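The form predicted alone is given below as one chain in structure tokens.
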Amino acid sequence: MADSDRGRLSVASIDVLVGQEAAFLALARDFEAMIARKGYGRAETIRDEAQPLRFYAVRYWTDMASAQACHSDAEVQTLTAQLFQIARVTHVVNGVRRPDPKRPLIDTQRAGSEADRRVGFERRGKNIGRTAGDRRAHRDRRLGPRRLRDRPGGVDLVGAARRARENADAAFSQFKVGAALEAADGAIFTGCNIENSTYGLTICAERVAMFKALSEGHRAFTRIAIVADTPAPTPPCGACRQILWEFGGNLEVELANLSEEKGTYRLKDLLPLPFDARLL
């Protein structure tokens, strides 16, 4: 393949749940027809001969702009959300996204876990330092994403947030926070809090992650993990809750510290009776 083509190739490994092969193949046909119809490029699905329920989704993009437009397309995101209900998707090659050395390599670090649903929201705990070392199948995102946490082999979103926390710039508060946001197509965007001497220009980890995702063209999200070094759960502040609701809808919010997961919540429960564009 020529160099010009290699830069426009994306490949994903797809492990289909038992009994869902027919549904997956139908989704694959719909996706292939859709990106051809919209001029985004060409797609094909290849079965792994050694593992009957593993497939490889190969996409040949027309150009980088077409790939970005496809990722932002509401119809494509609807198909992607349906796919995540019946399969585990691992991105193998992404020739249309600029490399980011700080992006955690989490696609191969997948492990399912059940959250410890404890209560408690005191954020200003003592910092004890670092240890050594759905979207639903339609367009109304206010109804929120389907729950992906219980899917076998889910992404280690909390681990990504812990790693992002290490990059925090918290010279004034010494309160470091990390966040990891999962988009509907499986892409992960991380953020950390960055403080400023004027205080008011400080930005939280959750908003950093969301703004990074939006700037890359993503408009559908499933969940976010937030990590701080506190005994109790560290929920997002009011400003972050508003931003997350405005652009992510009823996200699943996973809270954790450096050693354990502390609880999983829905954003509608953290931000009851929200103000958004429906009220304008």
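From 1 onward, residues are counted along the sequence shown. Since the structure is predicted, the reported quantities are computational estimates derived from the model, not experimental observations.
Here the subject shifts to the form predicted in complex with ligand THU, a form of this protein not shown in this document.
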Contact flag, E182 vs ligand THU in the predicted complex, heavy atom cut 4.5 Å
no
Under a 4.5 Å heavy atom criterion, is N167 part of the interface with ligand THU in the predicted complex?
no
For C237, is any heavy atom within 4.5 Å of ligand THU in the predicted complex, or not?
yes
Verify the contact flag for A205: yes if a non-hydrogen atom of it lies within 4.5 Å of a non-hydrogen atom of ligand THU in the predicted complex, no if not.
yes
Of A160, A87, V177, A209, which one comes within 4.5 Å of ligand THU in the predicted complex, counting heavy atoms only?
V177
Looking at 57 to 65, 42 to 50, 229 to 237, 23 to 31, which lies within 4.5 angstroms of ligand THU in the predicted complex, counting heavy atoms?
229 to 237
